[in-house]
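One chain comes next, on its own, written as structure tokens: the form predicted on its own.
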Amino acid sequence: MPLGVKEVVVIEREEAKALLRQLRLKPWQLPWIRSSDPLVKMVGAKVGDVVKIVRESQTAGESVVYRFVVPG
């Protein structure tokens, strides 16, 4: 796992749909991460998946971000 990253998971389709509905976003409006990224390869994510990344944060303790997997 890269320095500062605590957890990387592919979230289930239904969980992704609920998250996007809550945020009022379309999947492509999330920040992107390329399918060639080592984190994406590590968890076996495919193009179109939403990946949850939990990082350590000096100010918040923990930071959760979501990324949409795109080709590349």
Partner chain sequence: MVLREELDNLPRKVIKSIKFGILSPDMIRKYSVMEVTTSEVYDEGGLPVRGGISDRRLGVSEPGARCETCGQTYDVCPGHFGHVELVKPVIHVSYARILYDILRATCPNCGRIMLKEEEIGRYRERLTRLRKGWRLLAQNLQEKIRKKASERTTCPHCGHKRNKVRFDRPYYFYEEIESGALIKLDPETLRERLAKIPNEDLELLGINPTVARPEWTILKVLPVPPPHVRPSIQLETGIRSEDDLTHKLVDIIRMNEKLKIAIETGAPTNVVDNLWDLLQYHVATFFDNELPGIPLAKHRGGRAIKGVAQRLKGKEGRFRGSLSGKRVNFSARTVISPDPNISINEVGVPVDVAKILTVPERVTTWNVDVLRQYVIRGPETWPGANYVITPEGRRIDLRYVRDRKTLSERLAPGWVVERHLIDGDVVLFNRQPSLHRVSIMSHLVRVLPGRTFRLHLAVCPPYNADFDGDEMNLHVLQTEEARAEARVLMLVENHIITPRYGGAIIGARQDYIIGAYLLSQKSTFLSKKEVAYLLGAGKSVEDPQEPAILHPVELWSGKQIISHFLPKDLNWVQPTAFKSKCGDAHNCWGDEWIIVINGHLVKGVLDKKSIGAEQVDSLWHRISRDYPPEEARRWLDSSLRLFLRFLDLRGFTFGFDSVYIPDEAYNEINKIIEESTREVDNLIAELREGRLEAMPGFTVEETFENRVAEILSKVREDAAAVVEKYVKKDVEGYLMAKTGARGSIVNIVQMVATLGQQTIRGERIRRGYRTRTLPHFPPGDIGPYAGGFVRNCFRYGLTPVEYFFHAAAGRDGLIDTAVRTAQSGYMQRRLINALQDIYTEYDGTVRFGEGSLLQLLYGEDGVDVSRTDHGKVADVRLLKLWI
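Residue numbers count along the first chain shown, from 1. Keep in mind that what you see is a predicted model, and the values were worked out from it rather than measured.
As for the form predicted in complex with its partner chain, it is not shown, yet the points below apply to it.
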> Taking the shortest heavy atom distance, is V40 within 4.5 Å of its partner chain in the model of the complex?
Replying inline: no
> Hey, in the model of the complex, is V65 touching its partner chain, heavy atoms inside 4.5 Å?
Replying inline: yes
> Is there a heavy atom of P31 lying 4.5 Å or less from a heavy atom of its partner chain in the model of the complex?
Replying inline: yes
>> When the contact criterion is heavy atoms within 4.5 Å, does K17 count as touching its partner chain in the model of the complex?
In response: no
